[in-house]
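There is one chain below, alone, in structure tokens, taken in the form predicted alone.
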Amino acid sequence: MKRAILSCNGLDKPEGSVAREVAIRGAEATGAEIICPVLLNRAPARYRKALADSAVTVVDGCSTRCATRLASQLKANVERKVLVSDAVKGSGQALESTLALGPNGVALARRIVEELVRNLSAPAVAGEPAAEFETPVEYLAVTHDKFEFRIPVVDYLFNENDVWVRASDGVARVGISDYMQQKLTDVSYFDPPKVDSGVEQFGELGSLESAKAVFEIISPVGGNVTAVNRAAIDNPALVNEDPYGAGWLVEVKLTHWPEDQELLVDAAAYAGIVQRKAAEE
């Protein structure tokens, strides 16, 4: 399989310098082609073949995730994502404050590349969806000014954080409401939780990003993450296009479903919450 590395150009901060070093070392270690983000943005045709034929590793320096956004816009086949600022936190050792790479920065870049090389020998695992859910057909509609927010009537419950849950045979599928996807506008990035990780009710289940905001996905249920929606990772626009169907986010094996339901609301009650929130904006 051909591979390519798309790294941010964040040369205004130490994390950006590490990202560049990871790209160089990663290309040398794997034989991957380096894709220049500036040239890709200005002349995407230059890398059309590489994007079509290669699995892409995206390396971002900071949470702005410029490289990830660019890869998403061009629908690149993203195989791995690296966020240097998270790697810094995980290492427990701060980077030097200078833009030139110091010993800590070089060591971190080396560790990131070593982990990349190990991981590339095995496919990325997102977990296989365990539940089968039909697309909802009956909705309540909440209107405010020129906006209309749809809420499925049957089988969906909501928390006040605008996250829905639908359960079947001990597994729950989770996503965000139509109201929230409209509020975020164009979702450009889905940062999922790790498969097999545990989550408490009202704990975090990853995040969504748009040009307007970063939205933390607050879990309506407790349990263990069994799958994430690979399609929404590769194409976050699905969350806007079909928030209750193809744009679902996470599946969770339920551990306290009867108790969890007591702190959730049905469609009619959530419609009142949406009406209130829309009026307050």
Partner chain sequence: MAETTFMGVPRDQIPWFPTIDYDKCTFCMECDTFCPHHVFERREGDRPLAIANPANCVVFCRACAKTCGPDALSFPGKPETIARIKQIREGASSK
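For the two forms, the rigid core is made up of the largest set of C-alpha atoms that agree within 1.5 Å on superposition. Residue numbers count along the first chain shown, from 1. The model shown is predicted, which means the values in this text are computed figures rather than measured ones.
The form predicted together with the partner chain is left out here; the points below concern that form.
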Exercise for the section: Indicate whether the partner chain has at least one heavy atom within 4.5 Å of a heavy atom of D12 in the predicted bound form. Expected result: no
Is the gap between G198 and the partner chain in the predicted bound form 4.5 Å or less for some heavy atom pair?
no
Fill in: 4.5 angstroms heavy atom contact with the partner chain in the predicted bound form for P129
no
Practice task
Answer with yes or no whether K212 is in contact with the partner chain in the predicted bound form, where contact means some heavy atom within 4.5 Å.
Solution key: yes
Answer key: of Q182, N161, S168, Q73, within 4.5 Å of the partner chain in the predicted bound form (heavy atoms) is N161
Checking A232, V56, C62, A227 against the partner chain in the predicted bound form, the residue with a non-hydrogen atom inside 4.5 angstroms turns out to be C62
Partner contact check in the predicted bound form: of 243 to 251, 41 to 49, 64 to 72, 28 to 36, the stretch with a heavy atom within 4.5 Å of the partner chain is 64 to 72
Restricting to 203 to 226, the residues within 4.5 Å of the partner chain in the predicted bound form through any heavy atom are G203, E204, K212, A213, V214, E216, I218
**Asked** Once you line up the core, how about A227: does its CA shift reach 2 Å between this form and the one not shown?
**Response** no
Core-aligned, does L238 move its Cα 2 Å or more between this form and the one not shown?
no
D260: Cα shift of 2 Å or greater between this form and the one not shown (core-aligned) | no
Quick read on E209 and K81 CA atoms in the predicted bound form, 3 Å or more from the shown distance, and they're closer
What changes in the predicted bound form is the Cα distance between V239 and R65, by 3 Å or more; the two atoms are farther
